[in-house]
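What follows is a single chain, given as structure tokens, in the form predicted alone.
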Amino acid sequence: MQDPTKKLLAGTGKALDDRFGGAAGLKKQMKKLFPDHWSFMLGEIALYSFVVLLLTGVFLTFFFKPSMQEVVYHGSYANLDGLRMSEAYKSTIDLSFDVRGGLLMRQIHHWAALLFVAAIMVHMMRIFFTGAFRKPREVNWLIGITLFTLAMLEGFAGYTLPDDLLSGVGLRIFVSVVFEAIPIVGTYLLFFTFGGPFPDGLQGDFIPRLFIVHVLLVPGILLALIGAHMLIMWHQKHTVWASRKQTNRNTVGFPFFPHFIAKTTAFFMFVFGALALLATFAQINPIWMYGPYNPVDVTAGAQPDWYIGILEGGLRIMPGVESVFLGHTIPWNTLIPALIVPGLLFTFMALYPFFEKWATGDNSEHHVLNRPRNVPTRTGIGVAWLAAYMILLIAGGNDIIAKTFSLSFNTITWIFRFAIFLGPVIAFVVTKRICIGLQRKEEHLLHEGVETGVIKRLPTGGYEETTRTPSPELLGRLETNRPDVPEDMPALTDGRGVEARNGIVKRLRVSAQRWYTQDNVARGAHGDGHAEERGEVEPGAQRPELTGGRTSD
């Protein structure tokens, strides 16, 4: 007898297919292959953190009051009894102490926001270092940059809503460096946003406006962009790591249903559980300890959430420089670290795929990932970018560092001023040399074989180490993904001495390509990793045993 549940599901499926169709297409999509590698879970962490943010955010909106109306607190937290505060702050205190599960939800929400931004950043770094942004995925890279920027904006908005002293001081800094630092139009933007000067504008519509931005506008854009990101990825298929079986024309992995869907569902539960444990045992943003925002007060030793740390660090190490132009003061000490430097960093990252495509002249599709060591210049650029980011982030705590280690605050500040220029350069050079060294090691491995540790004595009295052929999997990984070699410099004139069309531009492009690849180790006659595809060798054919290597007489 057929199971009633199966019969019901089968009948429902048939009814839907009869009316809307698509059963055949859905069945095909359920068999779509996904690669199985831990690094691909970074994007899933970001996705599931966003889902947790939506779920906990819905709960919090039922109890938060986005109002700046002044009230007197008489609640459960005795230390604040009798203090005047905004309804926004009071409702957050009540949510933390009087709503069942309210504090837990607040802390899950805050930890999920931190993890969301961190996961996006680490996921983008994985994409950058492995070249997953190359054609045809440039649009998805731009979507990722936009998601990262919006996630930081969304986190700052949520951080500001409770109207506590710490977030109020952060908002004061934000107003100074974003609105008041911009010549001519900055003041107009400030009045448009706050409905008046700061902090008087806080008493008006700013918090209600920010609440709508935080719970409706930015989440809606994030949801749309994440949906577009997932649909594009689904259509273009997932990138994969280089292997003996993997090429740009096939996919190696496990089907979406049931293997991937079961694994990713369990992973969502794991992410949610980890956030719940953090929220339970690791206190975050205890706003009752800061008190309500008062423009005349400031918190000592205050630090923003980590993703705002680069702005804080830049502001702290920037010398006080101002100039006057056409009667308007231009405060470079806030304009450069808060707007220009972050703008350049993110603009460079957004445009990088197109620069690399122009420099290398590579217009082909790529589904197999690069090994970072095989693209040393790109890897060096990525590490230099991270070095600049981390230096600014750490510089945001220069007062804490000086106090903890009993050092001069001015000395620490000057160290960071030099580090922001020297650190990325040193990081680039060291990273590139490490990548070249790893290339040489692999070239030696292909020539000499894998060391076995077995030493044989030769009839001549010398000694020789026995080596063995690398495994087919290792050979496939090494030979399928080889470093690029420099191109020949094109001639600026033809055979009759006439200057070639766009000759200067071509020379610049080849110069950029040579800079990219000039130190790469050219692979010897080991094939290109695609001999099996062309039918030049038998699939799975083994190489002859390698012997020899280092010899000592």
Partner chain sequence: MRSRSAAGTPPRPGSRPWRRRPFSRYALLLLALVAVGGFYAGVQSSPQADAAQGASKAQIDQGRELFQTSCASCHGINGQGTSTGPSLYGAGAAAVDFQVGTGRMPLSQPGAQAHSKAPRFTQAQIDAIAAYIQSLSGGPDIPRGVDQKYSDADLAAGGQLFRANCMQCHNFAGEGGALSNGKYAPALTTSTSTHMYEAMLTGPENMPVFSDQTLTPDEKLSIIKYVKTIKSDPNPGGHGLGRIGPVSEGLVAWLVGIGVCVVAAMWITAKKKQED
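Owing to the predicted nature of the structure, the values given are computational and were not obtained by experimental measurement. Just so we're on the same page, rigid core means the largest C-alpha set that superposes within 1.5 Å between forms. Residue numbers count along the first chain shown, from 1.
Separately, the form predicted in complex with the partner chain exists; it is not shown, and the next lines address it.
This chain is displayed alone, yet in the predicted bound form one of D305, E464, E138, E448 has a heavy atom within 4.5 Å of the partner chain; that residue is D305. Think of it this way: in the predicted bound form, the partner chain has a heavy atom of just one of P286, G227, G343, G220 within 4.5 Å, and the residue is P286.
The three marked residues, L83, L114 and N410, each reach the partner chain in the predicted bound form, with a heavy atom inside 4.5 Å.
For T146, no non-hydrogen atom is located within 4.5 Å of the partner chain in the predicted bound form, even though that partner is not displayed. The shortest heavy atom separation between T460 and the partner chain in the predicted bound form exceeds 4.5 Å. Put simply, L339 is far from the partner chain in the predicted bound form: not one heavy atom of it is within 4.5 Å.
For the chain shown alone, F129 is not a contact residue for the partner chain in the predicted bound form, no non-hydrogen atom being within 4.5 angstroms. Here the chain stands alone, but in the predicted bound form its contact with the partner chain, taken as any heavy atom within 4.5 Å, falls in 275-283 among 343-351, 275-283, 149-157, 423-431. Along 37-53, a non-hydrogen atom within 4.5 Å of the partner chain in the predicted bound form is carried by H37, W38, M41, L42, I45, in order along the sequence.
Core-superposed comparison between the shown form and the other one: CA of S471 displaced by 2 Å or more.
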